[in-house]
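To begin, one chain is listed below as C-alpha cells, in the form predicted alone.
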C-alpha cells in the first residue's frame, strides 16, 4: 500500500510549507518537492488545499449507559462519523460505575467493543470510580497494557464520583506510574443539593439544568483538584472546561507550578446556555454537564486558544436520541441523558468559527485539534504531526467547500443535530488512516475493523 499526496500546503503545529508526502507501510516515509511514486501508488492532488495531520478527539463516549438506556452510536458508526469529519484517532472514556465489575473487566469489555469494529484508531482513558488495593493492582496492569491516562469524576456522587481519600490515592498512583489524570471537576454535593432545591420549587425543565451546576460549582471542583494534584506533584488534565472562573483556577495553579492542562469543547465555543432554554422541551437537546455557559465565555476561550493557554478542543461526544431518550427527562431535568453529539462536526466547526473568522491561525488549529492531544496522551510523534516515521494519518482539507450541517446526511447514529442548518466553510476532501483512504468528500470509503488500539507509554513522571 503506497500513497502520494502532491502539491498540498502542509500545516503542523509549528510550521507551514508546500511539499509532497509519500506514504508506505502505514507510515510517512518521504516529504519533499516533486516526489515520485511507483506506478500502482494511489495519488491525491492536494493543490489549493491544506494537508493536516489526522485530528484527535481526546474526549469521546461511544459505549455510555445512562439510567437504563445507552448512547446510540456503535464503534462502527462513531468511527465512520469521526473519519468523515477528519478525526482519525479517538480517545474514549471508559465509564464504569462504582459498584460495577472490577476495573480490569471494564477495560477488557471496552476493548472488545471496539476491536474489529472501529474504522479509525482508538485508545482509552481508564475511569477510576473507586480505589482500593485491588483497584490499584488492576490499574497498574492496565497501564502496562498501553493505557497511560486515568479519568476521575468529582461529580455524580454515588455513581461515578470518588471520595477525597480515593482522589488522594489515585493521584499518588498516577504520579508513581507516570500517568496523566483527566478529571471532571464539579462539586458533587453542591450539584446534588441544588438539584433537590430546584425540583422542590417546581423548576423541572431543561433550562434549570444550568442553575443546578453554575460556574462557581465547576470552579470549586477545579480548585479542589489542583490542591490534591499539587500535594503529589501529579499531572492533571481538566476536561470540558466551560467557564472563565474554572479557567482562572487552572491558570492560577499552573502559575504556581502545578502540572495542569485544560480542554474546551467545541460546543462551548459556538453554543451558549440560551439553547438549553428553547421552548417545548427543545432545550433538552442541549443539556450536557457542565452546562452550556453564558455567551460571554466564548470570547474568553477563543482568546485562550489563540494564546495556547487552553491545550485541546474535544467534544465529549455523547449521542442520545431526542425522542425516547432525552424525553426521559420531561418533568425532571436530572433525568435527561447528558450530551451533545459532535464527533463528526468538531473539525469543521472549529475551522469555520476559528480559522475562517480569524480567531485562531492554522497552526494553532492543528495544535489544539491534534498535536496537543498527541503530546499529552503519549501518542506523539506517531500521531499529531506530519513527519517521516509518523503514522500516515492525514487530512487533505478543502477550504473552499461551502455547505450546511444536517442530521439527514450525518453518520452519527442519533436523531437530531445540535447544529442543524449551520453553514460550514471548509471540510475534509480526503482522510487517511495509516495510509489508507478512509473518507472522501463527506463519504466513508474505508474499512470497518481496520482501526486498532494505539498503545501508549506513560510520560508524566
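Here the structure is a predicted model, which is why all the values come from computation and not from measurement. Positions refer to the first chain, counted from 1.
One more form of this protein, predicted in complex with ligand URP, exists but is not displayed; see below.
- Contact with ligand URP in the predicted bound form, defined as a heavy atom within 4.5 Å, is made by none of 80, 118 and 343.
- Listed residues 383, 235, 240, 75 were compared with ligand URP in the predicted bound form; 240 is the one with a heavy atom within 4.5 Å.
- This chain lacks the partner; the member of 427, 434, 49, 61 within 4.5 angstroms of ligand URP in the predicted bound form by a non-hydrogen atom is 61.
- The closest heavy atom approach of residue 352 to ligand URP in the predicted bound form falls outside 4.5 Å.
- Contact between residue 153 and ligand URP in the predicted bound form is found at the 4.5 Å heavy atom cutoff.
- Using a 4.5 angstroms limit between non-hydrogen atoms, residue 125 is distant from ligand URP in the predicted bound form.
- Using a 4.5 angstroms limit between non-hydrogen atoms, residue 416 is distant from ligand URP in the predicted bound form.
- From the list 365 to 373, 215 to 223, 311 to 319, 189 to 197, the contact stretch for ligand URP in the predicted bound form under a 4.5 Å heavy atom rule is 311 to 319.
- Contacts between 328 to 363 and ligand URP, taken as any heavy atom within 4.5 Å in the predicted bound form, involve 338, 339.
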